[in-house]
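First comes one chain, alone, set out as structure tokens in the form predicted on its own.
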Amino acid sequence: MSKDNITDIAVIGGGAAGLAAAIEAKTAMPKAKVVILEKLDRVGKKLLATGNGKCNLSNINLSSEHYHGSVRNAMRIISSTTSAKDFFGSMGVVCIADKQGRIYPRSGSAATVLSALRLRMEELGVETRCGFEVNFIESTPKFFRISGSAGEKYPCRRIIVAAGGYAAPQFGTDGSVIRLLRSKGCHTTKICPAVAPLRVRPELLKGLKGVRAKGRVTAYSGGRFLKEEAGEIQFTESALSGICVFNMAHLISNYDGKLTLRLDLAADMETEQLAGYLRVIQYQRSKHTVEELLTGIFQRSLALWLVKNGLKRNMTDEISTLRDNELIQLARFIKAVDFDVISSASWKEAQVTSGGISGDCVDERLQLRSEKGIFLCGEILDVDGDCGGYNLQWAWSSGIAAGRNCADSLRGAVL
């Protein structure tokens, strides 16, 4: 085969990690031929949907407590690579942070980010080949040969796999390349949806669809405390949602079928303080029925649900008939509403994959131990972060690291 017909670096996947990897590889080795092989008709489709279209690029508060998985040097990779703010600043994208530390492009548009990445690739000469669905990677003594589902062959010297996991299959990430890597000696950790709603028994949520409430969510397993988050809790027909719930979803991998979420729907008040408020309301609304007991503090549908489930009273009973121990009982219920988690939501509803190719399968440069010359980055690896820009930061950082290390490997250098 002619030397000119072999691509130097082929990047499988044109998502956030793949785009960052291609840019860094080409920057590190300008004369190398770098090509992105993308399954869909254009690159960056999932990126456009991140942060509700605003693209939450990263977070000011980067620390290990926000990351989960078996890649032990994940935080070292993040801290040793260019920050998202500087990475995109070098492309002309102005970034800002909100009060929670979440970093966004100043435009508030994910299209701004994707456009900047495309412009940089164009400047560098990174090529893209869309509509290429990888179904096999063959190793030969001198190069790799990537086969597409349509029968096409693509020879290359090095490969960067950035094909994502299983989350959001509508954007082309269906886990097919994870399955392919198993033939290369890779093994996976337990895989499940993360940054996703959590399903509970639908009958327990009757009347709550569409309700949003501020509160605190605590995860338990067998009575043992696991994690706590505060924020807006959202209720659907069959699931609990909201960022504070999303950040509990990764726990399914270890506690599937044994996970309980406890909602404190009055996190700004102690139990006695809440009971005192209920006594005041009982006095103020003594001539009204119990269905009006909580409507001054909660949205009506949530107020009715709490009274029905926390008091077990007839809704036509007068508030004046409530005993003090019932008010205390209701206060305790509002502070500790328990839901046993049945499962996480579907892959289509998930933002991230928990689990993936085990960290034991790659070295500190993110190169496969079983197949030198193949590098991994992004969601395909067993790293998932909390909601708030942490997963995109991993995509940028791991992509940059894999791109740089892959380019250096062509020169025989070690990062």
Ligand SMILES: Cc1cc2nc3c(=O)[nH]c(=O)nc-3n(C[C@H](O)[C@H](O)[C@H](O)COP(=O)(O)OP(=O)(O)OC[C@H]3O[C@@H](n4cnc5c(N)ncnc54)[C@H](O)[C@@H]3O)c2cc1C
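These numbers were taken from a predicted model, which means no experiment stands behind them. Residues carry their position along the shown sequence, with the first being 1.
Beyond the structure shown, there is the form predicted in complex with the named molecule, which is absent from this document and is the topic of what follows.
Participant: Identify, from the list Thr27, Ser70, Gln351, Gln367, the residue with a heavy atom within 4.5 Å of the named molecule in the predicted complex.
Facilitator: Of the candidates Thr27, Ser70, Gln351, Gln367, Gln351 is the one lying within 4.5 Å of the named molecule in the predicted complex.
Participant: With a 4.5 Å heavy atom cut-off, would you call Asp382 a contact of the named molecule in the predicted complex?
Facilitator: No, Asp382 sits far enough from the named molecule in the predicted complex that none of its heavy atoms falls within 4.5 Å.
Participant: Is it the case that Ile12, even though its partner is missing from this view, gets within 4.5 Å of the named molecule in the predicted complex, heavy atoms only?
Facilitator: Within the cut-off, so yes.
Participant: Decide whether Val362 counts as a contact residue for the named molecule in the predicted complex under a heavy atom distance cut-off of 4.5 Å.
Facilitator: It does not: once the named molecule is placed as it appears in the predicted complex, Val362 has no heavy atom within 4.5 Å of it.
Participant: Taking the named molecule as it sits in the predicted complex, is Asn405 in contact with it (heavy atom to heavy atom, 4.5 Å or less)?
Facilitator: Result no; Asn405 lies far from the named molecule in the predicted complex.
Participant: Are all three of Ala21, Glu127 and Tyr154 close to the named molecule in the predicted complex, meaning a heavy atom of each within 4.5 Å?
Facilitator: Answer is no for this spot.
Participant: Heavy atom within 4.5 Å of the named molecule in the predicted complex: which residues of 157-177 meet that condition, in order?
Facilitator: Residues within 4.5 Å: Ala162, Ala163, Gly164, Ala168, Phe171, Gly172, Thr173, Ser176, Val177.
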